[in-house]
Structure formats: C-alpha cells, structure tokens
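Shown below, as structure tokens, is a lone chain in the form predicted on its own; questions about how it binds or moves come after it.
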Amino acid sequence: MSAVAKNEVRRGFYLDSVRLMQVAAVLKSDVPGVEEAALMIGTPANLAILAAAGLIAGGTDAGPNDLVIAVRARDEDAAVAALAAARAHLERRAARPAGSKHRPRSLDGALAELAGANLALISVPGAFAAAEARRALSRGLNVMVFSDNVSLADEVALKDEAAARGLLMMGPDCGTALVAGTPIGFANSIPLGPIGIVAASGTGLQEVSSLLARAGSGVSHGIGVGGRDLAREVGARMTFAAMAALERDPATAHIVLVSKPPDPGVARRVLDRAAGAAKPITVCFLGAETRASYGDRRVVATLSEAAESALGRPVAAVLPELRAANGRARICGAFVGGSLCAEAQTVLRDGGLAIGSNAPIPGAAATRSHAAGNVLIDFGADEYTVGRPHPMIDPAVRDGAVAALLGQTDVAVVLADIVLGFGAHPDPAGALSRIVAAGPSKRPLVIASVCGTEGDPQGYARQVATLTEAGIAVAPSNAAAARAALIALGKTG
C-alpha cells in the first residue's frame, strides 16, 4: 500500500517557525503511521519545499498569509489522525488561558506595552522578514532576524541601516543569542560573566558559551550575526558593529569571535580590526586550513581552543575510557550542529585523516549510495531539513543515520553530538541511546559530546548519565570526542 499525503490550510494563521517545527516533530513521534510531517507558511518557496518532499496532495491555493499542514502517512486513517492531532496542538498553542496577559499583535502594540524595549525578534516567513526588520530599526530597536530566505541585498541594506542608526541587526538566519544573560532562540542557560562572543555560527556560540559556563565562567553577551556575515558580499558589517559594541561594554573583558571559514579578504579585515581592538580578542575561524593561513596572527581553529584562549587556561579534557577499534578502520560522524561537524573535521584532519562531509550514508534515511572512507555529516544542512524539523528539534534523521552506521562492519567509531538548550529536543540523549541499544552487539564504538549546561531544560548531567548507561563514551567537549576517536584508531589524538 502506497503512502497517503494530506494537507490542510489554515487561513490567516501564523505561529513562530520553531513552534511549528516542534508540532511537526510531535506528529512524527506520537501519531502511529506518520512518515513525515511539516507545518509551513504558504510562501512559494515553502510550497516548493513541501512538494519536493512529497508532502503536497495535489494542488493547494495557500498564500503567504496561510499555514499549510502537510503530512504523509502509511494509510488514510493515519493521515487523518495526524491532521486532527495537528489541529489540536495548534489550538492549544494559539489559545490564551483565562486571565492571562494580553498579547499585542503588532510592533506598535508591543512598544505601547513595553516602552523601554530595545530588541525585536523577527520570526516571520523570509519574504516578509526584511520589511519587519526595517520597521523595527526605524523605531530605534536592535533586531534579531531568526527568519531565513532573506536576500543578500536585503541583508546588506538592513545592516547598513542598523549601523547608521547605531543599532545591531543580528541575522538573518540567526538562531542563537545571549543578551545580558537572557537566552534567545537555540541558546543555553549561561551565567553572566566577563566574556563576550560574536558568532557567525549558532552551535559555535552554544559550544563556546557552554564550555565557559561549565568551566566556572560566563558570558556578558553572545551576539549572533548570521552565517553569511563574513561572506564577501556582506563584508563582516555586523561583526565589526558587534565587536565595537562589546568593546564599549563595561561588563566585557575579553571578546571571542567565532565563524565558519570566511572570505579571505574579509578575514584579513577582521584580523586587522582585532589587532587594534581596545580589548583582547580571540578569533576562531573553524577549519584546519586557518592554522597556517594568517601568518603570525592569533587565529584558533576549534571552539575548544577559543574557550581556552578566553579563559587563559584549559577546559576539561579528560577523555573517556575506550575499547579497541578491533581492526576496523573508518570514523564516521552524524551531527546536528554544523559548526560542531566542522570542528570535528578540523581535529581529525589535524590527526592525519582524510575527511569527507555531507556524503551519503548507506542505509540511512535521506541518503542513497555508499560513502567510503571517513565521513562526517551535518544533518542540519539544508539538504537534510527540506520539509522536516531541524535535527536539534527532532533528531530522527540523524539518529537513523547512526542506526545505519552501527551495522557497518568497517566502521570503527561513530561520532555524534547532543545539543541541549531552549527549544531543542527534550531528551536527545535518550533518543540516541535507544538507537544504540537496538543496534548489533558487535557494533562500532560510539563517542558523543554534550553541548549544554546543568541549567538547560534537559540537564547536562542527566543527559551524560543517559548516554553512559547506554554504553556510549562521553567526551567533555566536541573537540575532545574527535580526539578520542583518533586514539581509538591508534592515532596520537
């Protein structure tokens, strides 16, 4: 029997995209027979994504002001049940409890109630995000744009306008920030402290801030600037503004800049600016090539090194006890955090291994052909999130890849990251542990790291204990997990 796709359109209905992804994750986990589910605003780009994922049943007349509920299930009854469950979740989330405070429905209404507000979080379909961000900037608000699918031209224009007004424009596609101790988006519970972070990398900000917190320090502000800020077209516009803001901030004593590999010309300008800064700045450009690319300038290539540089001392580095690789030769990794995947690649390449990335894993959902050699995959990349929640919310796609790797007789080590925080899966360690427990008895060594703190909703210690009880080796950092994998293969680490 072939799968059944069903859709429902809610006219004039809007809910934050993170909440929509959470509802989709619940449908997949709690409604029997559901193969895939997505809830998206009906923009042309989103409708194309749903169609490509096989989630559109015939045509739809949904528009950009409408919500599309799309499910694919094993039969008609399961699909109907999934739509009913989606409706119930949406009604619960949209309902306002009796006696609860009124929620304004416009920017002007919000400002009328919060006259002292200085930050607006924009999370609307990308087609509308630039207009909403511009409206917020015109009212003197700093802006964090969670939305993606914002054009480069709009990003540059918004950042120029923000700079002219002396404001910050974080994003677009900025998923993480820490503002004076308040976590926003996929952030962790981090105490206030003397270290400020500028990040063109969401999980990079999370890993550095969590390492600092677990080492007894804290963060003054964590300013996400959007993943494209150090691209040639954007030219680090907001990175420079964020660095200047942290230089002026009396609570910040040391600044950490984290980015995936930047445009070389932009990187040189950033390093020139850092060299003349009023406060010490640690620059972390993720990637092994950065170690030799900038002469005698201080650039670190891993998130752990960035935290250590800011602290002035090592972070926890005790590696787990490891069993032998039993003659197996490959290291494979399945990650939910793109920056964590890039950091692991750096460590393994420094150890002399050739590493591929985002290549298919045999037997895993959403992948097709065999991938030879050492392969690390970022399951948060666009090709793995089409029509489904990000794996930080629903790790099923990543964990399915881990299940496939456990059956590969030539794989010595499987690396995996567990990312905690607000908005993330309530028990990612439990989900991974169930996959490992169901795997073959003669399986690869599984090494994981946990990005988070004890104050996170999931609880760092509880997550570590869950992994350990399942026979998963837990390293104190993502970089340490990669070093442990090298040791398991007889490398120096």
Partner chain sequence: MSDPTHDPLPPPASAVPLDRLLAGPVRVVNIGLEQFATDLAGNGAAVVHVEWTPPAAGDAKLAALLAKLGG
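Residue numbers count along the first chain shown, from 1. If you're wondering where the values come from, they're calculated on a predicted model, not measured in any experiment.
This protein has a second form, the form predicted in complex with its partner chain, left out of what is shown; the following refers to that one.
Undergrad: Does every residue of 29, 328 and 351 put a non-hydrogen atom within 4.5 angstroms of its partner chain in the predicted bound form?
TA: Looking in the predicted bound form, the three residues 29, 328 and 351 all stay beyond 4.5 Å of its partner chain (heavy atoms).
Undergrad: Within 4.5 Å of its partner chain in the predicted bound form, heavy atoms considered, which of 298, 232, 105, 87?
TA: The residue in contact is 105.
Undergrad: So which of 156, 81, 311, 179 reaches within 4.5 angstroms of its partner chain in the predicted bound form, heavy atom to heavy atom?
TA: Partner contact (heavy atom, 4.5 Å) among the options: 179.
Undergrad: Looking at 128-136, 73-81, 224-232, 406-414, which stretch has residues with any non-hydrogen atom within 4.5 Å of its partner chain in the predicted bound form?
TA: The contacting stretch is 128-136.
Undergrad: Classify residue 346 as contacting or not contacting its partner chain in the predicted bound form by the rule of any non-hydrogen atom within 4.5 angstroms, answering yes or no.
TA: Residue 346: no, not in contact with its partner chain in the predicted bound form.
Undergrad: So in the predicted bound form, does residue 120 come within 4.5 Å of its partner chain, heavy atom to heavy atom?
TA: Residue 120: contacts its partner chain in the predicted bound form.
Undergrad: Should residue 287 be counted as a contact of its partner chain in the predicted bound form, where contact means heavy atoms within 4.5 Å?
TA: Output for residue 287 is no: heavy atoms all beyond 4.5 Å of its partner chain.
Undergrad: So in the predicted bound form, does any heavy atom of residue 278 sit within 4.5 Å of its partner chain?
TA: It does: once its partner chain is placed as it appears in the predicted bound form, residue 278 has a heavy atom within 4.5 Å of it.
Undergrad: Who in 157-186 is close to its partner chain in the predicted bound form, meaning a heavy atom within 4.5 Å?
TA: Those in contact are 165, 166, 167, 168, 179, 180, 182, 183, 184, 185, 186.
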